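Only one chain is shown below, in structure tokens, and it's the form predicted alone.
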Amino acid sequence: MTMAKRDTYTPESLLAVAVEVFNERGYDGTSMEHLSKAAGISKSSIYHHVKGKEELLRLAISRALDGLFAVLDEPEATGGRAVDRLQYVTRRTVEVLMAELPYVTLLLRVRGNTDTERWAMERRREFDHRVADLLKQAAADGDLRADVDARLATRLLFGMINSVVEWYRPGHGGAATSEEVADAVVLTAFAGLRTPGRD
């Protein structure tokens, strides 16, 4: 009697493979055939778990967004001086980015070609606006330099944070820990942003 090969994939492990393929090939350049081959299972097995590749994209992006938005609800992000909250959110955003690196990488690469991508871009803008509001409040409190435009400072801060996905490779010899990278981002950003003598 021959036993049928049991599908050992879980939705979580399938999602991890899908994210890897999406990041490698691009979402638009990925077919269900590509996902099937990468996972080593049939397309019908994938459809057992999800409706299609757009659902996988939404699940992956949701994981990244949920992690980022959760930071904004942490106690240190909701109470105290705006500059301290901003610094905390910056640190935690770097930590989430590094903990969920493939998922956040995918989030940062969406271009708005599908409903899911447009939804993701809107959610990203919402997150960015909430952080920008913190930065504006810190500037209004006098805790950030008045000679740096708040919108420009926001873009530079996100540029520094988001660039981590382009160069950070965990597990490579000499790779910095998430704590070291978060420390470096916070030190670099806030040494330049904070009003001298107000730290």
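Heads up: residue numbers just count along the shown sequence, starting at 1. This structure is a prediction, so every number in the text was calculated from the model and none was measured.
Missing here is the form predicted in complex with a further copy of the same chain; even so, the following discussion is about that form.
Which one, Asp66, Glu166, Asp141, Glu33, lies within 4.5 Å of a further copy of the same chain in the predicted bound form by heavy atoms? The option sitting close enough to the partner is Glu166.
Please determine whether Val17 contacts a further copy of the same chain in the predicted bound form, using a 4.5 Å cut-off between heavy atoms. Residue-level check for Val17: no, no contact with a further copy of the same chain.
For Arg81, is any heavy atom within 4.5 Å of a further copy of the same chain in the predicted bound form, or not? No, Arg81 is distant from the partner.
Exercise: Glu12 in contact with a further copy of the same chain in the predicted bound form, heavy atom 4.5 Å: Judged by the heavy-atom cut-off of 4.5 Å, Glu12 is well away from a further copy of the same chain in the predicted bound form.
Distance check, Gly159 to a further copy of the same chain in the predicted bound form, heavy atom within 4.5 Å: Yes, Gly159 lies within 4.5 Å of a further copy of the same chain in the predicted bound form.
For the chain seen here without its partner, which of 45-53, 25-33, 143-151, 66-74 has a heavy atom within 4.5 Å of a further copy of the same chain in the predicted bound form? That would be stretch 143-151.
Three residues, Ile41, Arg118 and Glu122; all within 4.5 Å of a further copy of the same chain in the predicted bound form via heavy atoms? The answer is no: none of the three residues contacts the partner (heavy atom, 4.5 Å cut-off).
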